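The data below hold one chain only, encoded as structure tokens and taken in the form predicted on its own.
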Amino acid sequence: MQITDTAALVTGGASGLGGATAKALAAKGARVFALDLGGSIEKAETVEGVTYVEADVTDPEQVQAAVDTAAGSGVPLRTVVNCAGIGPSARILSKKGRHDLALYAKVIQINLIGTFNVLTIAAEAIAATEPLADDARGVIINTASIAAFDGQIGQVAYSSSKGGVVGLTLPAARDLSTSGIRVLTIAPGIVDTPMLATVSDEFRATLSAGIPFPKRLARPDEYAQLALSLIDHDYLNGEVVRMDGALRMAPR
């Protein structure tokens, strides 16, 4: 699908995977609307072709307003990439007691329900656009994690949320097939994002050593590169693609 002269919506678009994807889409000629929380937007670098929109992915009204902005930009909304998410760690039982239910619910609310909220509202706008070849109208890419398959100790909430994203991929693609909207999911491994900014070089080396090849952390621009490849390939649909250097996570 052609990206030039279309609108694209990227959640978590102020930094990390979303920031790299927003930048890559803009470089390809898309009019990009990067959704994120206000504090994150304040720290974002200015990128030509990217408009930052403050929105909480769990809030239907804020997402609707952001989608309306993108859909009303003068070019058709064709692309959505869901990157917003959080990844706290907690065991079901620990020295501090049992897993906090509110924390579990928060992770599900942001990572899974937030993804579904953006997907459904954006799909409605994409479905209203003029069809392209083969009655195609657009593509929605969600972000899971290899933790959906290989969840580690302390990742019960995170793995649950990302497993949900994996699980919605195929039925969402089938649901939206009559509207000409493809749905795909990327499941990254260990990516060098702001979430890892505080860890030591020694810990980074330990993480890298466990990856079969290449023995390094993935880069956000590699996620963006994969997202653009999925957008470009019109026959890819309903699929989850791992981007992990053949890593299979150990229990801890």
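Just count from 1 along the sequence shown to find any residue number. Because the structure is predicted, anything quoted here is derived from the model rather than measured.
Another form exists, predicted together with a small molecule; not displayed. Remarks below refer to it.
Shown here without its partner, the chain carries G12, D56 and A84, all of which come within 4.5 Å of the small molecule in the model of the complex through at least one heavy atom. Of the listed positions (G29, P194, P60, P212), a single one reaches within 4.5 angstroms of the small molecule by any non-hydrogen atom in the model of the complex, namely P194.
A144 belongs to the set of residues with a heavy atom inside 4.5 Å of the small molecule in the model of the complex. Although the partner is absent here, I113 sits far enough away that none of its heavy atoms falls within 4.5 Å of the small molecule in the model of the complex. None of the heavy atoms of L25 is located within 4.5 Å of the small molecule in the model of the complex.
Residue contact with the small molecule in the model of the complex: I190 places a heavy atom within 4.5 Å of it. Here the chain stands by itself, but in the model of the complex one stretch of 157-165, 67-75, 173-181, 124-132, 157-165, has heavy atoms within 4.5 Å of the small molecule.
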